[in-house]
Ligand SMILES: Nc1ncnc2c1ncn2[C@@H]1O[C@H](COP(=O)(O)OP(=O)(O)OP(=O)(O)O)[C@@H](O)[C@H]1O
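The chain below stands alone and is given in structure tokens; this is the form predicted alone.
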């Protein structure tokens, strides 16, 4: 079975082709177009510009796949229907609908967040068959990215419960926004991680809603951080050493909040594993903290190249949904959702 996965929820345009049989996957193509340079001067993603870039990139990426593969052999199209930026999703939806009609194929609607969960089950190995990794259920699943911080309890692949989510800014979003206060380029998360390695001191920062169940709130932390930077600038130069200390303090605080909520959930639910996925899961400091906090637990992280948005995760999600007998759609039945 051949599945074409298409991703346009934010600022990464992804088109990937996989072949699947039984419990094995082969990634045939993984095409990705980054928009970082487009949005860098704005310090964040501009939805309308993201949509425009998707419209430009999707035909190009598809042609790259078509060079070596007859698109008529595709069995299904898998598309990330949300959550995401509405203009970006509209661009992807229109492209997928046209392609589905042209090829006379059905569409598998894939939840973007669940696709991040699926990403921990494979490696980004092009052209080689690989067995899908088994997940030990029940599992706590933390999706932490620039747009979302969601904690789930998965009893199995089908039966899931949302335990909590961020009520305002997501963890990755705060890393990006606070990086601006330090005059670091977008995307700020990786820059924060890079300079935090040189830290020698830590600043105390608040941990909002720490005792409020499994819900998260990071906007207060963001405000406190920006105010702290402004206060420091009044009395001294914001040199590289201070920037490193601030970056490390921010990371430490966010990751301690995530870990605290995970520990609380583990105490209340009998789980056999923990899954950390989404773009922030690529952060090596977060990985070390999680592994140290749960030394006896089975922990799953995605491969770094599959942690961020891409078409492989969506194609893989399509395969999982087909195996669960989920409904496929005709082109005109396709809907998207931003939240």
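Positions refer to the first chain, counted from 1. Predicted model, so just to flag it, every value in this text is computed and none were measured.
Omitted from view is the form predicted together with the named molecule, to which the following refers.
**Q** Please pick out the stretch from 306-314, 290-298, 53-61, 268-276 that is in contact with the named molecule in the predicted complex, where contact means heavy atoms within 4.5 Å.
**A** Every other range fails; the passing one is 306-314.
**Q** Examine residue 243 and determine whether its closest non-hydrogen atom to the named molecule in the predicted complex is within 4.5 angstroms.
**A** It does not: once the named molecule is placed as it appears in the predicted complex, residue 243 has no heavy atom within 4.5 Å of it.
**Q** Would residue 208 sit within 4.5 Å of the named molecule in the predicted complex, counting heavy atoms only?
**A** The answer is no: residue 208 has no heavy atom within 4.5 Å of the named molecule.
**Q** Look up in the predicted complex whether residue 87 has a non-hydrogen atom within 4.5 angstroms of the named molecule, and give yes or no.
**A** No - in the predicted complex, heavy atoms of residue 87 and the named molecule never come within 4.5 Å of each other.
**Q** Is residue 113 a contact residue for the named molecule in the predicted complex, using a 4.5 Å heavy atom cut-off?
**A** Output for residue 113 is yes: heavy atoms within 4.5 Å of the named molecule.
**Q** May I ask whether 83, 173 and 187 each come within 4.5 Å of the named molecule in the predicted complex, counting any non-hydrogen atom?
**A** All three within 4.5 Å in the predicted complex.
**Q** Please tell me which of 91, 253, 145, 121 lies within 4.5 Å of the named molecule in the predicted complex, judged by heavy atoms.
**A** None of the others qualify; the residue that does is 145.
**Q** Which residues within 267-285 place at least one heavy atom within 4.5 Å of the named molecule in the predicted complex?
**A** If the 4.5 Å heavy-atom criterion is applied to the named molecule in the predicted complex, 267-285 yields 278, 279, 280, 282, 283.
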